[in-house]
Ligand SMILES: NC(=O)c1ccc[n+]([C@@H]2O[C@H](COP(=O)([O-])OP(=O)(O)OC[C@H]3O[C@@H](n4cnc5c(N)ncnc54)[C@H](OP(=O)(O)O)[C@@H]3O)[C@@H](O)[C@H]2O)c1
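There is one chain below, alone, in structure tokens, taken in the form predicted on its own.
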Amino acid sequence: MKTIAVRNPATLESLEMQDRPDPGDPGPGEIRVRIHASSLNFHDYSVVSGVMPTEDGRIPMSDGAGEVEAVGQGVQEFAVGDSVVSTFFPPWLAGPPPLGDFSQTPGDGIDGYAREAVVRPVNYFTRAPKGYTHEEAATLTTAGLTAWRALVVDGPIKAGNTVLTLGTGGVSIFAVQLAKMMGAKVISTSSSDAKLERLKGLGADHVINYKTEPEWGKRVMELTGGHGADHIVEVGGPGTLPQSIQAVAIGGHIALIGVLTGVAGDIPTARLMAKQARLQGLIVGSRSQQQEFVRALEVGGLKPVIDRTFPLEGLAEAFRYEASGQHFGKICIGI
């Protein structure tokens, strides 16, 4: 089968197309899945570019969606022909998070989905939403579930709340869509006026260009009549967190998801304390949370925003496109 492997020292130039043995038939409790699609995340980029070191020969990509080709003895949850999507933390079935690293995450600590087929235990997948293409389903594993957990599980968001989203990456776009589906008001930021117009088209009630309004935290307070944002989907990290703390409502919630501006920096802790706000770090979610998310998508009719789809052999090109920041929503890989 065709695969792509990370060859150390890891760079986009060292990604290598390989032929590897077919995974064969599933054993007891396992399923064989023909992988049809994956999608790009900042975490995947960190692995393939060498920022987050991994084993030589690692198959990258945390997200995988496809069709069940065979089921092993004792498998009742899935049947041949089912459309399925991978889980980010296969051992985390439900309850509080048991992991604080990526040692069990496909595409990082273990082999991922830049390949044509896999045989894995059933907990590595959930069913995909009915009516979703494989590319659409492949956006859910990391970006979609992260936004769901931030707003619905950890929030918890309520109708009439105000949600602030930063930028136009996969998590942020999902957050806009989920917030509107849940009856919330949305304020979104971007440095591109063209992207701000597209955010309005997705339902954003107010938009802010953070280049022309660097004190966007103050602007959020003005737009909300001094109340602030009840929930903030914070993907920037130390470079944006001070403004998010300025923007959050008293007693509000900041979901700390990304570190796009770095892994450390000065934080106005006194202001955070005065706001009596909850700052919660999170990494994706559990299998049961993904199953709840899938059910909600089917009821709500939400479809992900896909910017472009590249072929498997164009994976490096897809990551270069991601690094350029031109995309709006998710970048997918067709396999």
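For every residue, the number given is its place in the sequence shown, counted from 1. Please read all numbers here as calculations on a predicted model, not as lab measurements.
Quick note: we don't show the form predicted together with the named molecule, though the next part is all about it.
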property	result
Contact test, all of L164, I232 and L272, partner the named molecule in the predicted bound form, heavy atom 4.5 Å	no
In the predicted bound form, V284 touching the named molecule (heavy atom, 4.5 Å)	yes
Partner proximity in the predicted bound form: G325 to the named molecule, non-hydrogen atom cutoff 4.5 Å	yes
F310, heavy atom within 4.5 angstroms of the named molecule in the predicted bound form	no
Contact test in the predicted bound form: P106 vs the named molecule, heavy atoms, 4.5 Å	no
Residue among H253, H134, R219, K195 with a heavy atom within 4.5 Å of the named molecule in the predicted bound form	K195
Candidate from Q177, S190, Q243, S83 lying within 4.5 Å of the named molecule in the predicted bound form - any heavy atom	S190
Candidate stretches 111-119, 233-241, 219-227, 71-79 - the one whose heavy atoms come within 4.5 Å of the named molecule in the predicted bound form	233-241
Sequence-ordered list of residues in 140-170 near the named molecule in the predicted bound form, where near means a heavy atom within 4.5 Å	T142, T146, L166, G167, T168, G169, G170
